[in-house]
Structures are given as C-alpha cells and as structure tokens.
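Encoded as structure tokens, the following chain is the form predicted alone, with no partner shown.
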Amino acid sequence: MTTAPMTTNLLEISDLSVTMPGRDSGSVKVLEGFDLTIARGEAVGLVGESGCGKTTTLLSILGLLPRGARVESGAITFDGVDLLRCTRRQLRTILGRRIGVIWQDPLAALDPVMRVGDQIAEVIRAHDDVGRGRAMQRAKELMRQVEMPDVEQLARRYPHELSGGQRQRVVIAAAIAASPELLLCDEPTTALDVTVQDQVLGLLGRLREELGVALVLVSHDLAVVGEMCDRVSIMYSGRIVEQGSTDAVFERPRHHYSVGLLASSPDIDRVGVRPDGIPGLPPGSVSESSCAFADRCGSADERCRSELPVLGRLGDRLVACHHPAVVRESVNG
C-alpha cells in the first residue's frame, strides 16, 4: 500500500487513463488524462451524456472495472493511499468502511433472497466486531436515520416487497453503516418518481450535513447536480472539458458542450419552449489529437480538428477549449 503525505483533499485522481475491450481483440480508450479532487465534506457532480466515462470513473475508484478493462496510467489517492496499488485485502479495509456506494438501481444492488434488515446488518458485521443482535439493532437505527417508517416490520421484508424509494433508502442505510468519509452516488434517483426523488435528495443533503461526508454524484439530471453539488465537472468523450463551481458553470458556461448541455435541459421558466438539444452523436472513443466535440460544435475550426485542447485555467474555472464561449449572464438569458 503506497502512502502519500496527508493532504486537504480526501480523494485525488490524477492523469487516469482506462481502456475497455473493443472489436477484433483491440481496446478502446474510455478515459484519458482524467483529473479530479474531492475535499473533505465537499459534493462534486460528474455530468455528461451516456458513455462519457462517468460510471467508469466510479468503478475505477472501487476497483470494480469489468473484465478486460485496464487502468493504463494514473493514480487514485484516497486520504494518502493509492488505491490502484492496494491489494484486495487492503482495499477491503477502505471500501465500505471509508467509502460507501449508492448504486443507480436499488433492486439490482440488493440481494433478492435476503431480508433488508439482515443485509444492512451484514455490512455492519463486515466492518465491526459485533454480534448478530447488536448489528440488527444498529441496522434498524440506520433505517430510522434514513427516515424509513415501521422499521420493525420493514426490516423483515425482502427487497421486492418494498417500494423503489424504500429500497433506495435501504441502499443508503447500508452505504453509511460504517460511517464513511466519502459516498459515491451513481444516478441515485434515476429510478424514482419526482416526489420520491426530492425526498431522497433531501435525505442525502441532510446526511451530508450531519455526517460531514463528501459526495461524488454522477447524474444526467442537471437540476439534481445544481441542488446538491458545490462543484461540477462536465465530461465529454472520456475527458473533463469544464470544471468549476456549480453556480459559475451553470450560469456562465464557457465550453460549447456545456452551453449545449444546459440549453438542452428543460426550463420551467420557459413554458412552451422546446429545449435546443445538441446535434449529432458523441464519438465512441477518446480523441487523441483533436477536440472530440468539434464535429458537433458550431464554433469549431481547423485548429479544433487538428489540435487537442488542454484543460487549463480560464478565470474562475478550468476549460478545455480553443475558442471558449462568450460569457453571458445565463445560458437561457
């Protein structure tokens, strides 16, 4: 286990590159030169279209990349420990105990033939030397903490007997069972209706405040990220193209993909106005020598098609664009 000096950042990802199996026994690069830092107690959103590398980033942190996928380069450092150089046994002392995960589909994340109270208790016993009875008592306390009613009854039920919102609360209870310092949230409200989604987001916000836990939130929903996150990283084709405070990026986007992404989101203040959308489709792999967004960007020129833009400081944020968008008060203004 490689240990680095103590830093103010809880998580640091530097120059991460990941490949996946491709056709004809080849490989496809899905993340390239990826950098991300998470401070203690901070909430950071990862936003982008499907296939841009958001979930791959989380799986890389957890050491759960699918068969055939490879981390080609980079480091993932959690509180001074490089997770990429840990053994499986060393990882188990960190994952679950210090890093919790909330998956997109709670039904798939839970064991269908095990009562939900027992599943939460099992997480507790995996990380603490407690008996079965004490673990179950603690599991019920956690179920109350995530605002579940009738805990004595619900703890004895199986996942299929619960509603979607109740299942997600069970997943959250299991994720915080060992009092982690970081929660990785992969589209945690996608499978829920709007009312339950709002309740779960409120719960996550309260837990963050009470427990001081940091969040990495992967989401397609810009409104969710805007509500929950201090900073946002906009991803496109395996790279971060814009990064900064959520308010600054959402109100004054500088990368043309960020502009298009925000313009394609429905706005309740513009009733009857159809979102613009982004023409074309994202590429299937990381571009090594040009801007991956060039073919979909109305401001692209020959430089964009022949020279890879580097993520660099631009005022109050980082942007990877040769011709940044003009600042304006609001993308809908």
Partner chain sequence: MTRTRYIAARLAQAVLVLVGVTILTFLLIHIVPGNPARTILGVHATARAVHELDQQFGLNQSLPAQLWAYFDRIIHGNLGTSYYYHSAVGPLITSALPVTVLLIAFGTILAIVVAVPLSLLAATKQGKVPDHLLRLVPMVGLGMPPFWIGFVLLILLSLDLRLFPSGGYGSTFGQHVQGLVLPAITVAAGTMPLLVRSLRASLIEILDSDFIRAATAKGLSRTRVLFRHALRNALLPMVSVLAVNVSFWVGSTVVIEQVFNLPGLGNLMLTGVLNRDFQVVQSVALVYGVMIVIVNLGADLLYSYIDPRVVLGE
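Since this is a predicted model, take the numbers as computed values, not measurements. Residue numbers count along the first chain shown, from 1.
Separately, the form predicted together with the partner chain exists; it is not shown, and the next lines address it.
- The single contact residue among 75, 211, 151, 126, judged by any heavy atom lying within 4.5 Å of the partner chain in the predicted complex, is 126.
- Scanning 130, 263, 71, 108 against the partner chain in the predicted complex with a 4.5 Å heavy atom cut-off leaves one residue, 108.
- The shortest heavy atom separation between residue 194 and the partner chain in the predicted complex exceeds 4.5 Å.
- In the predicted complex, none of the heavy atoms of residue 223 sits within 4.5 Å of a heavy atom of the partner chain.
- Looking at residue 114, you'd find a heavy atom of it within 4.5 angstroms of the partner chain in the predicted complex.
- Although the partner is absent from this view, residue 119 contacts the partner chain in the predicted complex, with a non-hydrogen atom inside 4.5 angstroms.
- Residues placing heavy atoms within 4.5 Å of the partner chain in the predicted complex fall in a single listed stretch, namely 88 to 96, out of 236 to 244, 223 to 231, 88 to 96, 143 to 151.
- In the predicted complex, the partner chain lies within 4.5 angstroms of at least one heavy atom of each of the following residues of 146 to 166: 158, 160, in sequence order.
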